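Here you get one chain, nothing else, as structure tokens; it is the form predicted on its own.
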Amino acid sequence: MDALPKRSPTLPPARTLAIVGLVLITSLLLVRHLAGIDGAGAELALSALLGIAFGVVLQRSRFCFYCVTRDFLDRRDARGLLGILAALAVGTLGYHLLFGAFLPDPASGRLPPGAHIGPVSWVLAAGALSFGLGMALSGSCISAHLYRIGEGSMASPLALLGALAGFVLGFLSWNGLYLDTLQAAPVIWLPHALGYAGSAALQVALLSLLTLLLWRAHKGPAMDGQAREGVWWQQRWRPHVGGVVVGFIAVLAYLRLGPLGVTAELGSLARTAASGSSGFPLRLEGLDTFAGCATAVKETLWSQNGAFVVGLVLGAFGAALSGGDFRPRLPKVPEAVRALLGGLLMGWGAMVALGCTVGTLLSGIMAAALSGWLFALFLMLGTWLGWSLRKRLDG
């Protein structure tokens, strides 16, 4: 399931236009419906629009953390990882420009509103390790499973079902982790010590160093090489193009709504479903005091993150249909088991780490949070372990 879907035959222009038109009409109807909701309509509509754009970019540029890491481990093809670094560079610069308006004095001891800046501890490392192992077993990160639903993947819903169960396990383990470790764990934001200029310079330097190392390690196709088969709407975007657009979307989302993330709605669904059941904590100590992918009990049908996720799947669906990438396929039993188990590990990891590769890693590093860098480090370790395990299982 984690390989690129085989392209379907080129669709006639008239049929392609009809499909794109149908998806566009559905998208507009969704946005119009959300805009009419009293009190939060504008935010919900914008969340859906950003989600649609995000889904298109993820699908067309194959922006999947596990897939691009596997490409490098298998073939030393670094193009996808360089696309992620491009997103982080654009987001870092954009976030730091916004921080100056939101919080003029970074040395005040306060944190910028809503930014994904979490506690640094072994719990974060364990969550990242679990998430990396889970996405390797399931074949995708959570955001990629969402866009692959738009491609017709029938294993991705199983992975998301496993993630819901993983969130419940995370809630069950939360109070012990919080009381023993997280309540005293430091929340480290680089501008507190370095200022905005120093923080941005340090992050750009680190990203530049990683770019240089990956560039030298690259042994795949030419850096500007990318499959260009088919008519223009079927062509894959180069990874760095997708990364730059993801960075711009992240900055716009933070400016108007809040940091990017894709697990808040999953966590809220899991928390709502499990609340009141036997053994579920009546109170989750300190959870709502941390920035990250919030997991509140649902009281309304639509939330900002829910609208974003629905828009993401819809945007990916339209992009996959028009690009010939919509290829429904039933998973085999071993693949289904790996999807469920991998989803379970990702759900637990995302819950205790307060987000996933989009929320804690992308949004966290863009916000100059040390938690984002630590998550990235242990995520890569977990991904390598999972990749090694899959190679042995596949034999």
Partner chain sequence: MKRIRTLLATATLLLASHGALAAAADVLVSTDWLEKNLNDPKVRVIEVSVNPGQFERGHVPGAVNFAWHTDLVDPVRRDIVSRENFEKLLRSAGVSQDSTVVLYGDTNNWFAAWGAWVFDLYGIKNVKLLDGGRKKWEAESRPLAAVAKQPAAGNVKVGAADTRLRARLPDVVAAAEKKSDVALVDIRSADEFQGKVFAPAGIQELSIRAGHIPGAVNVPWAEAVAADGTFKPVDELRKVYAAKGIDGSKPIITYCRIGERSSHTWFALSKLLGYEVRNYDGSWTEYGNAVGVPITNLAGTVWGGK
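This one's a predicted model, so the numbers in the text were calculated from it and none came from an experiment. Residue numbers count along the first chain shown, from 1.
The form predicted in complex with its partner chain exists for this protein as well; it is not shown, and the discussion that follows is about that form.
Asks: Given that its partner chain is left out here, which of 109, 186, 113, 279 has a heavy atom within 4.5 Å of it in the model of the complex?
Replies: Answer to the contact question: 113.
Asks: Though its partner chain is not shown, can you say which of 122, 248, 215, 102 has a heavy atom within 4.5 Å of it in the model of the complex?
Replies: Checked against the cut-off, the match is 102.
Asks: If contact means a heavy atom within 4.5 Å, which one of 129 to 137, 249 to 257, 308 to 316, 155 to 163 is the stretch that engages its partner chain in the model of the complex?
Replies: Among the candidates, contact is made by 249 to 257.
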